[in-house]
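Only one chain is given next, in structure tokens, and it is the form predicted on its own.
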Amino acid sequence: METKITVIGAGAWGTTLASLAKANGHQVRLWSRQSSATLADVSADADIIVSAVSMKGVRPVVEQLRFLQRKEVIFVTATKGLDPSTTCTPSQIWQAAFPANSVVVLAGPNLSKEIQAGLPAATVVGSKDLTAAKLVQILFNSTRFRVYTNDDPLGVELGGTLKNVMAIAAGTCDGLQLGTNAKAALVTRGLAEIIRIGNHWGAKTDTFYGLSGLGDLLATCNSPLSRNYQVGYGLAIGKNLTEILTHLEGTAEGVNTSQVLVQLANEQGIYIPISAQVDRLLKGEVTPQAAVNSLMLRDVKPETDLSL
């Protein structure tokens, strides 16, 4: 059965998702601010609305769609970030605006250029409404793009969001040529930090060992295709943040996320040493090497206590 899908955001990720759904035989309309049609026009009769805009674009898009009163419309959010004004996640913004509709989060180790090249990949769709999640799973699943479901949308979303901060740290590690041992330690402790934050906010630990947590973390911390990795690498080799962001293809959401995350963690007493150093590095308060030194000189502690 053909489903009418509107994909909002014609960047690399939005275009990729649109092509995956279209290849499965669905009617897909791709919209961006440069489109000749209005967002209202392309969304009025949609069964599924997929948001693949940057974090700063989420609220404006939501406001433009408030006219939709059909409770059967499913919203899929593929944005990874935290709103600087409210600290909400994208799905929380969508759900607050459309409390009667199902909201599904899509996240995973999904580097757009690899998927566009036809290379195999997998992702996860999370929702409290598993019927909606299964429908979205069917829409996008194929022999080259495997889709799993999860009933912990917050965990799925936070995994995809917080790994961007760790990817900046990983890029810095590689830029400084610190070696494989250091990189492995960073990613492992980074995952522990993500789990600590997620647990504090109500997400399930197991979710972070899945595709949107560990999977996405491995992809973005090891690939030069990752924009957040490129930010960290650039800082490590002496470039300034403005220069890096100017030449970046797309948005490195980890830059904004780190600032919002540190603010929240400080208010709530969450221990986030890696994220805190990334935030200081981005603000120019510390050099890449000094950030590494600060992490290495912390007090020793047990490995398996996730509260530390």
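On a predicted model such as this, the values are computed, not experimentally measured, just so you know. Residue numbers run from 1 along the displayed sequence.
Same protein, other form: the form predicted together with a small molecule, not shown, and the subject of what follows.
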> Residues in which of 161-169, 96-104, 142-150, 177-185 have heavy atoms within 4.5 Å of the small molecule in the predicted bound form?
Replying inline: 161-169
> Gly190, Gly234, Gly198, Gly108: which sits within 4.5 Å of the small molecule in the predicted bound form by any heavy atom?
Replying inline: Gly108
> Heavy atom within 4.5 Å of the small molecule in the predicted bound form: which of Thr207, Thr89, Asn228, Ser127?
Replying inline: Asn228
> With a 4.5 Å heavy atom cut-off, would you call Asn256 a contact of the small molecule in the predicted bound form?
Replying inline: no
>> I'd like to check something about Gln277: if you look in the predicted bound form, is any of its heavy atoms closer than or equal to 4.5 Å to a heavy atom of the small molecule?
In response: no
>> Residue-level contact is defined here as any heavy atom of the residue lying within 4.5 Å of the small molecule in the predicted bound form; does Thr251 satisfy this criterion?
In response: yes
